[in-house]
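Take a look at this single chain in structure tokens; it is the form predicted on its own.
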Amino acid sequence: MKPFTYIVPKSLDEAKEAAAQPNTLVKGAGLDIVDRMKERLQTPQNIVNLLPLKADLAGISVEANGDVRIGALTTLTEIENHEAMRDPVFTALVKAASTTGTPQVRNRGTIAGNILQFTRCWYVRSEAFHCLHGGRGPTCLAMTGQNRYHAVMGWSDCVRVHPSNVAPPLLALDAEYSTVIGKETRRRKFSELFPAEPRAENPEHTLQEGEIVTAIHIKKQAANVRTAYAESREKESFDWATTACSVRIAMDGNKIAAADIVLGAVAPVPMPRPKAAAMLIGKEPSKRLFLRVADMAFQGAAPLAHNAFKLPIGKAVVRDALEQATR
């Protein structure tokens, strides 16, 4: 790890000013950044520590109109245990947060950090390999190498997968995120945080240099909305999902009135599957229906040499999430 200047701002204005400096990284818990710095994949001149700003950037609040605001530095444990998260609308988000990493990771890791973390592809995270996504090589090494945990859809020249557990539930809830950069405050759809075309040259997110995420916003949901999250993994703890699915379901009597399905861990970005979700509208929940919907959710998937297992397991995960949300 190369020497760097460690900046501890006393205010958000100080943090913005520091973040605008060249070759500067902004961190919350720093769980992901440390790994990359140890490999010297990133050698910043400055690191801005946001944790002293928890009074401004952490916590969960319910606004007067019923919308929920989650500060960017809110830990995954706080999401799991907060009273406002007991609403069935947030079941998917709570489950995704509560199954991330280990208790130690959840006590330290923040919601923004989980969303913005770098891909876990071992080729790009190791100094020993010269990978296209890391900008150090001519090709995606995982395409023809060890690709058991890599993408089965949504890729073009890089088969990395997006590692965030909480991103699919937030997309399903049509969340928004707010940022600050310079003197400007921005609030955008959560879907805009991810590149429309996740090529190797594009990072995992669309933030500009020096742009700081301040909060996640979830609009008040109808009383008939339920969410669910399901995933597959190889270990019960301290592991990343091999496939994941978050669903949002609104029931009208015994029929489904509205639906959203978002896949995780199968593409370079979280993958909404609107065609699959549309198959649910106006239908009564059933195992037969969920089988067809799961097949549609993975329509067009193109597995690599070592990860075809993701298709049957991923479809089972979709069915599991749908069954949970409609019980």
Partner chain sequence: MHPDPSTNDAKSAGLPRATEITVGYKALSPSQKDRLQKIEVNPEEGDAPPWDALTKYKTVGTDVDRIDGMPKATGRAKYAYDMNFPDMQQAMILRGSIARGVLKGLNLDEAKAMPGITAVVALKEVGNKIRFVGDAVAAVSGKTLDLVRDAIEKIRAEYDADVHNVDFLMDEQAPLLDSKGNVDEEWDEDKKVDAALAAAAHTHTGTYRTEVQTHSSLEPHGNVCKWDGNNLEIWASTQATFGVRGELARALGARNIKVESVDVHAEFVGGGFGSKFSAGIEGLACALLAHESKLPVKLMLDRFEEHTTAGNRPSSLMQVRGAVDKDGKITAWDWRSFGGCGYNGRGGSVRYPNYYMSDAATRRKHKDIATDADPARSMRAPGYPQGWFGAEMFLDELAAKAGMDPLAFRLRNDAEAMRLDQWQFAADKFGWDKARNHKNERGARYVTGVGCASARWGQLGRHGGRRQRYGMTCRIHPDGTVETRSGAQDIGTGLKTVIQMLTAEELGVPASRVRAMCGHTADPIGPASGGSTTTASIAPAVRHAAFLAKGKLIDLVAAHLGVPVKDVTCGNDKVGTAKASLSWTDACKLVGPNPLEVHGERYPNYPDKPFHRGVCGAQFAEVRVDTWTGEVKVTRMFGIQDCGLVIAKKLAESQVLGAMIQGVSYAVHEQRIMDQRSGRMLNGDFLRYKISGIKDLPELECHMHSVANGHNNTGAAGLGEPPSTATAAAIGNAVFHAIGAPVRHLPITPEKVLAAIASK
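Residue numbers count along the first chain shown, from 1. The structure presented is a predicted model; accordingly, all values stated were derived computationally and were not measured.
There is another form of the same protein, the form predicted together with the partner chain; it is not shown, and what comes next is about it.
This chain is displayed alone, yet in the model of the complex one of Asp56, Glu39, Asp67, Asp295 has a heavy atom within 4.5 Å of the partner chain; that residue is Glu39. Listed residues Ile212, Val89, Leu116, Leu141 were compared with the partner chain in the model of the complex; Leu141 is the one with a heavy atom within 4.5 Å.
Within 4.5 Å of the partner chain in the model of the complex, a heavy atom is found for all three of Lys2, Glu234 and Val317. Residues within 4.5 angstroms of the partner chain in the model of the complex, judged by any non-hydrogen atom, belong to 236 to 244 and to none of the other stretches in 70 to 78, 199 to 207, 184 to 192, 236 to 244. With a 4.5 Å cutoff on heavy atoms, Ala151 does not count as touching the partner chain in the model of the complex; it lies far away. In the model of the complex, the partner chain sits within 4.5 Å of a heavy atom of Arg120.
The partner chain is not drawn, but in the model of the complex it has a heavy atom within 4.5 Å of Gln146. Interface residue remark: Leu12 is not counted as part of the site for the partner chain in the model of the complex, having no heavy atom within 4.5 Å.
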